[in-house]
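What follows is one chain in structure tokens, specifically the form predicted alone.
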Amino acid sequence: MNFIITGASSGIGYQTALAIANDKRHTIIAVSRNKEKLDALSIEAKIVNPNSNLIPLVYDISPDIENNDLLVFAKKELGNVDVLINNAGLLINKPFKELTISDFESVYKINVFGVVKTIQSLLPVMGNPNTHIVNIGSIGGVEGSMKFKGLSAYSSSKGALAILTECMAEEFKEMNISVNYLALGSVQTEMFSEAFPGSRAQVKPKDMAKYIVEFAINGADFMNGKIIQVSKSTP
């Protein structure tokens, strides 16, 4: 299968890319703005599996950067995309009364508009014969879940992505594209430490990555437009 994952330079994205690269049957484009971390990922992928097909791409999903580099690269390296994992995310931990409109814009540009940009860019190479888009969200973006101080911008952006997932799933039905949303609970990443200083999550990025890969490969056979809560603890 042909994969693309954004936010591949650290945490869950890094481990998910490694897990995919561990199977020589798969080819994956690992996307991040950080070249040094992508280089480290490429090296580790070859150590884990000398036959790995991991292709790094330095690329900014922000809508402020207008180009079609991702589509051109995907056409060249993959031809078509079977699975897109929208994992890149930005978190700002700040009391609501201190949040600026600029803060909200920064978070939404990556967590919502960056996903829109990525999907719209890649639509020409999706849907043959079936594509699965997996949006990595947060349990904090699910209505009725426990919310936490300081995470208004982040959680609301993930809530927007959840509704967007349901909308896209309906629009893409006739294009053979399924879209689902994984609402992740606590995972021990740098972002988790930023959100909850001093706390320890029960789930490690490597373990969550295994779940994400399995769902990305098989989930579209059973569901579309679903918000799936994957949470052992919060936080």
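One-based numbering along the sequence shown. All values reported here derive from a predicted model rather than from experimental measurement.
FYI, the form predicted together with a small molecule isn't displayed, but the following is about it.
Asker: Choose from 95 to 103, 151 to 159, 119 to 127, 68 to 76 the stretch whose residues reach within 4.5 Å of the small molecule in the model of the complex, heavy atoms counted.
Answerer: The contacting stretch here is 151 to 159.
Asker: Is residue 185 close enough to touch the small molecule in the model of the complex, meaning at least one heavy atom pair within 4.5 Å?
Answerer: Yes, residue 185 is a contact residue.
Asker: Is the gap between residue 61 and the small molecule in the model of the complex 4.5 Å or less for some heavy atom pair?
Answerer: Yes, residue 61 is a contact residue.
Asker: Using 4.5 Å between non-hydrogen atoms, is residue 134 touching the small molecule in the model of the complex?
Answerer: Heavy-atom contact with the small molecule at 4.5 Å: absent for residue 134.
Asker: Given that the small molecule is not shown alongside this chain, does residue 81 nevertheless sit within 4.5 Å of it in the model of the complex, heavy atom to heavy atom?
Answerer: Contact with the small molecule, no.
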